[in-house]
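Only one chain is included here, represented as structure tokens and corresponding to the form predicted alone.
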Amino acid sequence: MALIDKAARRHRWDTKFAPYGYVTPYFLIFGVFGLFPLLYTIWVSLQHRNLLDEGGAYVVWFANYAKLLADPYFWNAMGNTLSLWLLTTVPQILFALGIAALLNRKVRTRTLFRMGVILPNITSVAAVTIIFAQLFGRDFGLVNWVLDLFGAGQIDWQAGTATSHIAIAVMVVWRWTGYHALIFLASMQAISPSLYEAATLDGASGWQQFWRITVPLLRPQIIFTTIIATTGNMRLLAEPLLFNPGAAAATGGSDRQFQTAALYLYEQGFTNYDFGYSSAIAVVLAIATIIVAGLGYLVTKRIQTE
């Protein structure tokens, strides 16, 4: 009888405490590599901490944030960030929907095409940026060569704000569209064929079926990919950094025309070694990303509802 009571007690403890043991490793890893860096960044943002200053670090409270709000370079970087976010997020979602719809059809070598769309995503971002920087080169770039064939002339893609944003957006869209397309494709395959059969009997065209059946049923996935794309595109760093390699790469062009907020953070932290100020930039950028992602969610939800 005592053995039975002991086994029953052990079973109760197991069912009561075992779930906490299963999730504990996640919270430990999150605490060490997620929560602690976040809290420490906030703490550093309240300090004057410059490695070039012999005086060491000391608390200045919100002085870094006051300086940030009056910094024209920061607002220029935020404007560039929002511009690139718009130029990359919207085309990514639209192209991904189109590619997923094509891959969902019964065509030969579908598996090969499905594997092919993910290849840009697993390619090194440094390699992609360097290659695209050569393609958009002013004197010997392939893009200018094609434009010259049509009489459009050569464009200095790095010199202008609009042209540099378009070039960087092309890199990002090329690299991430396939990733989103596979998410949409997996969801399209879960849609019941009977819905399309009924729509066909009612006389709906393929285009009408896509917008009236496929897209509304992909609403959760569209919202998810919009948020994922927003969080990634709001912190672009490697593409603008490597688009203009050299000693002044961190400035994002001669006139800071494509310097993003993440690149400005990099400049302050790893060029000027002002980690207090760069931490303040990181905190504000994180808040801005949450706000933009929330707005993207609301807009996507509103469009889907209508």
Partner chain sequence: MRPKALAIGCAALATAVVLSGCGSDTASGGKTKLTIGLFGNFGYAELLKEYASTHPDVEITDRTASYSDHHKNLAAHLATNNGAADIEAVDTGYVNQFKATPDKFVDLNTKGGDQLKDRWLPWKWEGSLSKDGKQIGYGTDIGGLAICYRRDLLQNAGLPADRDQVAALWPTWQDFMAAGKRFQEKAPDGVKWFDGGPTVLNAIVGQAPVGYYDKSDKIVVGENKDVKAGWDLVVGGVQSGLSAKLLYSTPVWNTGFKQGQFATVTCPAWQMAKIKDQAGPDAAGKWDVTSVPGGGGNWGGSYLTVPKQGKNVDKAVELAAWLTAPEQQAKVFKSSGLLPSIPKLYDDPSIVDYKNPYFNDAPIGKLFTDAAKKLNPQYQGPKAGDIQTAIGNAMQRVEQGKQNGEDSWRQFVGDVQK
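Remember, it's a predicted structure, so these values are computed and weren't measured experimentally. Positions refer to the first chain, counted from 1.
The same protein has a further form, the form predicted together with the partner chain, not shown here; the description that follows concerns it.
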Of 154 to 162, 92 to 100, 190 to 198, 173 to 181, the segment with heavy atoms within 4.5 Å of the partner chain in the predicted bound form is residues 154 to 162
Given that the partner is absent here, does residue 248 sit within 4.5 Å of the partner chain in the predicted bound form, heavy atoms only? yes
Would you please decide whether residue 271 lies within 4.5 angstroms of the partner chain in the predicted bound form, comparing each non-hydrogen atom pair? yes
Are any of the heavy atoms in residue 257 no more than 4.5 Å from a heavy atom of the partner chain in the predicted bound form? yes
Spell out, yes or no, whether the shortest heavy atom distance between residue 139 and the partner chain in the predicted bound form is within 4.5 Å. yes
Among the candidate residues 51, 42, 69, 238, which is the single one with a non-hydrogen atom no more than 4.5 Å from the partner chain in the predicted bound form? 51
Select from the listed residues 73, 113, 211, 224 the one whose heavy atoms reach within 4.5 Å of the partner chain in the predicted bound form. 73
Stretch 165 to 193: residues contacting the partner chain in the predicted bound form, 4.5 Å heavy atom cut-off: none
